[in-house]
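Shown next as structure tokens: one chain only, the form predicted alone.
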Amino acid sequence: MNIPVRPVVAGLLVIGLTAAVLTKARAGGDDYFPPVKDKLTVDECGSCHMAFPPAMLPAASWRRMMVELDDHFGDNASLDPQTAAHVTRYLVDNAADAGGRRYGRKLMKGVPAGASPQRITELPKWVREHDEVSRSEWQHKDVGSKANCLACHVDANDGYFEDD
């Protein structure tokens, strides 16, 4: 049997390139933020809420948040010093203005340099992206608050925050 090699190779090349482009688009799109991969950080932060991707805030925000855990949005989320140091290091190393810069720069637009915002939901880009969500939708029993990303973004734990 004589199989024409060129068309087969060309077809495989097209399929491979298409898969690579689509994978890259999904992994690096405007709605992607690398999820938390550090087990201790996931365990500690994720025990009360979604472990937010570090690239969603600058390093100064994570540092401030971690030293104020005794009043973490109204709750005492204090950690032992060794655990706090580990989680802080992970968050700071992957923050929007550090290792997570490639992804975090999207949310940092409009945030003054050196600022340490504490709420992702108050970042200018986040506010613009969610301006079509009504007050009643935020208050829906399945949503509860603006910080409950998983209520609308089912793949948020994997870093995908697409709203379509």
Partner chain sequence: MTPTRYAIGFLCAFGLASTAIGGPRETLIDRYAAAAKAADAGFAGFSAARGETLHRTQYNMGKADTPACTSCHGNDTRSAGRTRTRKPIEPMALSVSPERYKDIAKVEKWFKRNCDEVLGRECTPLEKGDWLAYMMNQ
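Numbering follows the first chain given and starts at 1. This structure is a prediction, so every number in the text was calculated from the model and none was measured.
Absent from the display: the form predicted together with its partner chain. The rest refers to it.
Though its partner chain is absent from this view, in the model of the complex it lies within 4.5 Å of a heavy atom of just one residue from 102, 128, 49, 37, which is 49. Annotation: in the model of the complex, residues 75, 141 and 144 each come within 4.5 Å of its partner chain through at least one heavy atom. Within this chain, residue 85 is remote from the site of its partner chain in the model of the complex, having no heavy atom within 4.5 Å.
Heavy atoms of residue 44 reach within 4.5 Å of its partner chain in the model of the complex, making it an interface residue. The stretch in contact with its partner chain in the model of the complex, judged by heavy atoms within 4.5 Å, is 49-57, chosen from 91-99, 49-57, 104-112, 119-127.
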